[in-house]
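Below you'll find only one chain, the form predicted on its own, shown as structure tokens.
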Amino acid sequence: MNLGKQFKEGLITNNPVLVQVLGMCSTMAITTSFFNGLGMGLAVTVILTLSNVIISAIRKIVPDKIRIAMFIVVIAGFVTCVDLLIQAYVPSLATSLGVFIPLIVVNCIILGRAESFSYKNGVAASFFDGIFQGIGYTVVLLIMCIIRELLGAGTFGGGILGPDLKGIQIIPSQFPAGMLTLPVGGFLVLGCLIAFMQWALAKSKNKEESK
């Protein structure tokens, strides 16, 4: 188990959104405010980590033929717990994210890590994989939220800061490009981030090969 390598993979070289291109629906749909991105990122990180641990712990006693069904049952259990906790303690977040919290059950990031990592590795490695992949996912969400909220609405910290929790107005309301808060804005911002990540990885690879 190499924690440094796992952290680097989760954040950069194998980032679930920018490299593996997973979890696109929630990534583009909810990244219109910092509050949404932080809430979804933390929820996915918790569910991913706990699911990884349980799946890794019981992998040797579950027949291979029913492993996918087992993944769904484990993930659905944790999603239900997190969803109910959010509804009880952060109802505004539950209202804002809507159906995207229950849909974490079929989030490709969680199913993908269950199949490719936790079902094949020990509990400790799976625990850290869940945390690091979750951090990578959360960082991308927050970057997208900041870009779309700041340039699309001119505010920062919507749902957490500012008058009526609408965010702090940084750019006068007549200047922001409102298109960025629409679905097409999500596509544009995500496309630019993926392109930048691929460019950075290619540049790093070429530099290593030239040594």
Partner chain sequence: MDQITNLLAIMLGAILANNFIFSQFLGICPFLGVSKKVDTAVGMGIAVTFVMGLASAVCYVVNQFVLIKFGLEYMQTVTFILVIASLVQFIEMFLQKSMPSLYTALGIYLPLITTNCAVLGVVLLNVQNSYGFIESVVYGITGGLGFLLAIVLFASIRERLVFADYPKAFEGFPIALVTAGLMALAFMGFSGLKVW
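Numbering follows the first chain given and starts at 1. All of these numbers come straight from a predicted model, not from anything done at the bench.
Omitted here: the form predicted in complex with the partner chain. The next part is about that form.
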Name the stretch, out of 169 to 177, 50 to 58, 149 to 157, 22 to 30, where some heavy atom lies within 4.5 Å of the partner chain in the model of the complex. 22 to 30
Is it true that V73, L84 and L182 each have at least one non-hydrogen atom within 4.5 Å of the partner chain in the model of the complex? yes
Using 4.5 Å between non-hydrogen atoms, is L188 touching the partner chain in the model of the complex? yes
Although the partner chain is absent from this view, report whether T13 comes within 4.5 Å of it in the model of the complex, heavy atoms only. no
Decide whether V99 counts as a contact residue for the partner chain in the model of the complex under a heavy atom distance cut-off of 4.5 Å. yes
The partner chain contact at L111 in the model of the complex, heavy atom, 4.5 Å: yes
Taking the partner chain in the model of the complex, which residues of 45 to 70 have any heavy atom within 4.5 Å of it? none
